[in-house]
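Consider the single chain below, provided in C-alpha cells and representing the form predicted on its own.
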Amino acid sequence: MLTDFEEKELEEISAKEGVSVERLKRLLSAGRVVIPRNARRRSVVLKAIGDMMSTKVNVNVGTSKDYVNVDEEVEKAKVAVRFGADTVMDLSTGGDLDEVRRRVLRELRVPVGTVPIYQAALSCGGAIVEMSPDDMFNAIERHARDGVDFMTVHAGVTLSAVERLKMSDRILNVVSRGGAFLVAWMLHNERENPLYEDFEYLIEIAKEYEVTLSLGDGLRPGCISDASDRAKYMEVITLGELVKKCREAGVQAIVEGPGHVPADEIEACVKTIKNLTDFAPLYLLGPLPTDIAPGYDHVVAAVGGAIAAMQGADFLCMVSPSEHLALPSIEDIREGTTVTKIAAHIADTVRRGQRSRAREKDRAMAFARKMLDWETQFNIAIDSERARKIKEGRPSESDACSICGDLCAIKIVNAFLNKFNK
C-alpha cells in the first residue's frame, strides 16, 4: 500500500497530522490508516483516516427519484467542502447517475465515494431482486473506472447474518438502503450475497484502480432499541474477516458502523468493532443516541459522534437537519457539516496523537477572548462567517459584545488587573 504514495506526499500528510513519517508508514502498512485515492485521480487532496490522525468528516449528497437537480447537488458538495468536509459521497438514486458522479469527481479535489449497488439496482429498472451478480460488479467497476476514491460495499450482509436478523426482536429490521437491497435479493433468489461470495473478484477491481473499500454496515440498527444485537455483530465479525483479506491483497479498507446507539453503549460498540476488525479505520453515521429529535438529528449525531470519536472512531458521516424527513437543502448541508466538524474537533481534544494540537486552537481562542480580539476569534472559529454575522448583527458601543457591553466581566477584570500590576 505504501508504494501508491510518494515520499513527499507522506511527508506532507505527516506534517499536517503531527505524526512522524515513520509512524505514518507503519500505520499504513498495518491497515490502521488509509489514504483514499483512485489510481485515475492523482490530483485529489490526500486525507489520512485512522489511528492517530485527526477525526475526518464525510458529507453525503445526491439526487433522489423525487427530486433531481444535478447543479444543486454539485453545489451542495462544494458547500460541504467549503465548510470543512474532508470527503464527499455521491448517493444519487435519481436521474442520470453517471452525470452526477462524474461532475462531482470533476469539480471537487477531495476524495469522493459512492455506493455502486444503487446504480446496479436502478439499471434493472428498479427491480432490485432481478439484479445479477454481473450487474453488481459491473457497477462497481464502472465507478472505479470513473475515478471514485472509496466505495461502500455491503459484503458483510450474508445469509447467516440474515438468519440472525430473522430470529431477532428488531423493531426496524434494515435501515441501510444497500443492506436492504441485498437482504431482499438473497431472500428472493435463495442465494448468498455475491459481494461476499465473490469477494476476491471485488478485491481484484479495487486493487486495479487503487480504490479504498468501505465495508458497509448493512445491518446497522435504525433505532436505539435495536442497538447491539446479534445481527449487527454477526456482520461485524464477517467484516473483520474481510478486512484481513483486503490487507493480504494490499487493498485499503474502512469499516462502517452504526447507526443508532444509546449514549451508554457507544464506547462498548466502538471498542468492540475496533477489536473485531483489527483496528481498521472506523466510519460512523452518527451514531444517534436518541430517536425523538427530527429536525435536530444533526445535533444528535454530533453528540454521538463526539463520544464515538473519543473512543476510537476515525471518520464521521455528516447527518443533516433533514435526516429522516427530506432531501437536504444547501443550508442543511452547511449546518450539518459545521456541527459534525465541531464534534470531530471535540473528539480531537482528547484523541491520541491529536490532543495537544487540537487544544492549542482552544487555547488561542481563550487568549483572543481575553484580549477582546474579535478578528482572531473569527479566524479561529469553526464557522467564522456565522460568528462574524452574529457579532455584527447586534453591535455594541463598547469593544465587548452586546450581551454585556461595558459590563463585560473580562473587560472589567482586565482593567483592574492592569491597574494593579502597574
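What you are looking at is a predicted structure, and each value in this text was computed from that prediction instead of being measured. Residue numbers here begin at 1 and follow the sequence given.
The same protein also exists as the form predicted together with another copy of the chain; that form is not shown, yet it is the one meant from here on.
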{"query": "Candidate from V45, A39, I390, A30 lying within 4.5 Å of another copy of the chain in the predicted bound form - any heavy atom", "finding": "I390"}
{"query": "Heavy atom within 4.5 Å of another copy of the chain in the predicted bound form - residue from L276, I342, I203, C317", "finding": "I342"}
{"query": "Residue stretch of 326-334, 228-236, 192-200, 105-113 approaching another copy of the chain in the predicted bound form, non-hydrogen atom distance within 4.5 Å", "finding": "326-334"}
{"query": "Contact test in the predicted bound form: S176 vs another copy of the chain, heavy atoms, 4.5 Å", "finding": "yes"}
{"query": "4.5 angstroms heavy atom contact with another copy of the chain in the predicted bound form for H188", "finding": "yes"}
{"query": "D264 within 4.5 Å of another copy of the chain in the predicted bound form, heavy atoms", "finding": "yes"}
{"query": "T290: touches another copy of the chain in the predicted bound form, heavy atom cutoff 4.5 angstroms", "finding": "yes"}
{"query": "Sequence-ordered residues of 216-253 touching another copy of the chain in the predicted bound form, heavy atom within 4.5 Å", "finding": "C223, I224, S225"}
